[in-house]
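So this one's two forms of a single chain, laid out as structure tokens and tagged structure 1 and structure 2.
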Structure 1
Amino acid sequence: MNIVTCFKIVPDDTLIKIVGDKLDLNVPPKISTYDKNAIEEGIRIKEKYGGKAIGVTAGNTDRKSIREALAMGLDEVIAINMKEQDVMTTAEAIAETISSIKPDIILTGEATTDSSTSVFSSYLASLLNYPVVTYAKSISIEGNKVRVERNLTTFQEIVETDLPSIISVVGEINTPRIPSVKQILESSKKPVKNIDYNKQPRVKIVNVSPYVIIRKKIVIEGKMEEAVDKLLNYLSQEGVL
């Protein structure tokens, strides 16, 4: 079975700070959070059903992050260098790259932590003419069928489709493994194929600025009934009620 796991290398969102009216994005890169779950699931499918697990990343091709993905258990990584990208162009780059691999299953995270569009898997599915199943919390494969339990927050749904297919996973599907020292050392021997992709994106990010909430810091005092009346009057004046 050919398993492809797509992952994106993004700025570490836990280290991003607000400086004035801008975001300081000069922070170390990392594998996007839910994409680690996709990597873990791809490795688990390989371990259970056999085959080869190939990672594909586009945009930032930070070598340390790629080695982390290889240390987790991917067999190889294809790194697509893109100076500029949007979701559609990224999907086009990856579709062109993996079409010759003819993957049986393609895994992605439900969203990346930098843009959170959640539409990449659907774009890629439309380009490859694969069925797509989103928000998977469990995956099982039998023959040419894949059975997916979806987490749609307020309810669960079980769907079945044919392979090949694309599946985006949620964080609760697994706990990504932490590579051992031996696996980290061995990851340097695994192949990394670099590809340049220079197509101009249709959407360009002009500026990134933080959403700042200015609190009014109003304190309502008095006995409970009096305070409630004051609160209701204030909310009414503000147009909230």
Structure 2
Amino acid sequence: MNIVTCFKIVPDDTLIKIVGDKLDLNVPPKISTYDKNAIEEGIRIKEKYGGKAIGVTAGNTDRKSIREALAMGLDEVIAINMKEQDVMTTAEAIAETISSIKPDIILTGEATTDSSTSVFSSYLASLLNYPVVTYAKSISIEGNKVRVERNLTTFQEIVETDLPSIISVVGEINTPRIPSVKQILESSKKPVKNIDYNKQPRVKIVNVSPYVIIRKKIVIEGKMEEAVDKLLNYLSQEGVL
């Protein structure tokens, strides 16, 4: 089985800080949170059904993050260096790169933590003419059939489709493994193929400003009984109770 996992390297969202009227994005990169679940799921499918697990990343090609993905258990990574990207150009770059691999299954995370669009998997599916199933919380494969339990927030849906297909996974599908020291050392021997892709996106971010709501931050001190009394006072002054 040819398994392809798409992952994105993004600024660590837990370290991004607001400095004045700007967002400080000069923070260490990381593999986007749910893309790690996609990598883990790809490795698990490989372990169960055999084959090759290939990672594809586009945009930032931070070497350390790629090493981490390899140390987790991917066999190789294709790193597409893109200076500018949007969903469309990213999907085009990846579709072009992986069409010759003829993947049986392509995995992505439900969303990345930088742009959180959630539409990459279905965009790529249309380009490759694969069926797509989004928001998978469990995947089971039997022969050529894949059965997916989807989390659609207000309800759950179980669907079936045939391989080859594209599946985006939610964070709850698994717990990504933490590679051992040995795996980290061995990852340096695994192949990384670098590609440059330059195409001007038609969607351009011209500015990013902090999204902040100024809150009052009033800390209510005292014993719980008194604190609750004070809070109730504040809330009735606010007109919300």
Partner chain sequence: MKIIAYSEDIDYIKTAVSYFPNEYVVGISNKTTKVVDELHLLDDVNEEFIANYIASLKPDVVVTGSTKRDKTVAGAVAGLLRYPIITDVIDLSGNKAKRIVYSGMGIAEIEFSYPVVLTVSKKNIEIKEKESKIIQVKTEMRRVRRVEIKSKGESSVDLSSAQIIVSVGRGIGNKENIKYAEELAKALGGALGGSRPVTAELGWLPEDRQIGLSGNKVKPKLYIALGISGQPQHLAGIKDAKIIVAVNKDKSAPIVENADYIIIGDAIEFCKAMTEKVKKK
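Basically, rigid core = biggest C-alpha set you can superpose within 1.5 Å across the two forms. Keep in mind it's a predicted model, so treat the numbers as computed, not measured. Shifts are known only where both forms have a C-alpha. Reference numbering: structure 1, starting with residue 1.
K.L.:
Which number, 1 or 2, marks the form predicted in complex with the partner chain?
P.N.:
Here the form predicted in complex with the partner chain corresponds to structure 2.
K.L.:
Taking the rigid core as the superposition reference, indicate whether the CA of K17 shifts 2 angstroms or more between the two structures.
P.N.:
Comparing the forms between the two structures, which are aligned on their rigid core, K17 does not shift its C-alpha by 2 Å or more.
K.L.:
Once the core is aligned, does V206 move its Cα by at least 2 Å between the two structures?
P.N.:
No, the C-alpha moves less than 2 Å.
K.L.:
Suppose I asked you to quantify the rigid-body motion between the two structures; what rotation angle in degrees does the smaller part show?
P.N.:
Expressed in whole degrees, the smaller part rotates by 39 degrees between the two structures.
K.L.:
Rigid core aligned, which consecutive-residue runs (three or more long, every Cα at least 2 Å shifted) show up between the two structures?
P.N.:
After superposition, only residues 214 to 241 shift as a run.
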